[in-house]
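In structure tokens, the next block holds one chain alone, the form predicted alone.
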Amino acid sequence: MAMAAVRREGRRLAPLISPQSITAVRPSVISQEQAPLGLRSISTQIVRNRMKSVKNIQKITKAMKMVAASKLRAIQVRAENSRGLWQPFTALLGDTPSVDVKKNVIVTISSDKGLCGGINSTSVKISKALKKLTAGPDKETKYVVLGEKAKAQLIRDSKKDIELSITELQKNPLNYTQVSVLADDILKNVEYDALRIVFNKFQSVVSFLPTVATVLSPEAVEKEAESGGKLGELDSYEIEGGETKSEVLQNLGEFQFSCVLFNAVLENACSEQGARMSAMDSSSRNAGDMLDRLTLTYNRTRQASITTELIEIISGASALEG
């Protein structure tokens, strides 16, 4: 009540106070009084707007984390079940990532959307490293890109090497039939001795393993067998019926590629959602920390403004008494 009375008294006597007398007592106060109206409250308003923006961002990141968690649960079971499709081929035909062939096709799998950490950059880096390893005077290496993010990165310096690009792959839930049609289109449009599929294998929400799976052409399989290379247990089987060994290898190669591609797409989708969950959780925590700092800054600024007003009132009353 006393402070309110002082404020009322100051307002009542304000027209009677000469600017010269106040300048003699409190020159710093006068410099603020002569500033444009509302300048003192600008800082608190800016901080308030910033706090509101950070709160809205935090709501969005929390919602995106929940959506990613829901999608991850739906995809994870399918990805784990799909691992049983391609594992028998590894036992039958072996896995020869170091095989030396002339025509290499690197199938890079990525996501169409961002905000999922560094899984897309990791796939692109491994693809570029594979291209350098398989380069040679008589060798040719091409890219087949699945996903918008890998396409955007590879097109900068390897546009002429991109043989085929497919986007919006995960717009709808994928099944094996759709992926097998996609694999058939890839096999019809590219010439290869070895297909190297680059993807991120899902391990946990916070962990994924960059993986390269190799699928050889029937000709490369026969050459590897003739040269004494490791080809699993294929030679221990007898071929029955009218099909020749090359026809069997052709069918096995196409089926192997579709199975590996199906598993790779699901594994990469799981890794994408897990990485997005981690990224959005980290963003939510950072937004909370920023909100705490902004709240402290706002309270300090507001308290400083109130203190300045009290000093002005007391200084004016002191000048009147003097």
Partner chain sequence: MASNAAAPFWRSAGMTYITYSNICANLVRNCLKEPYKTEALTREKVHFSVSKWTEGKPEKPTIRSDTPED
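In this text the structure is predicted, and so the values were computed from the model without any measurement. Numbering follows the first chain given and starts at 1.
What comes next is about the form predicted in complex with the partner chain, which is not displayed.
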**Fill in**
The listed residue (209, 133, 74, 166) that reaches within 4.5 Å of the partner chain in the predicted bound form by any heavy atom is 166
**Request:** Scan 129, 85, 92, 155 and let me know which has any heavy atom within 4.5 Å of the partner chain in the predicted bound form.
**Result:** 155
**the partner chain contact in the predicted bound form: residue 236, any heavy atom under 4.5 Å** = no
**Prompt:** residue 115 near the partner chain in the predicted bound form, any heavy atom under 4.5 Å?
**Reply:** no
**Prompt:** Quick one: is residue 220 in contact with the partner chain in the predicted bound form, heavy atoms, 4.5 Å cut-off?
**Reply:** no
**Message:** At 4.5 Å between heavy atoms, is residue 182 in contact with the partner chain in the predicted bound form?
**Reply:** yes
**Request:** Can you check 170-178, 194-202, 115-123, 209-217 and let me know which stretch has heavy atoms within 4.5 Å of the partner chain in the predicted bound form?
**Result:** 170-178
**Message:** Just to make sure I understand: among 245-266, which residues lie within 4.5 Å of the partner chain in the predicted bound form, judging by heavy atoms?
**Reply:** 247, 250, 251, 254, 255, 258
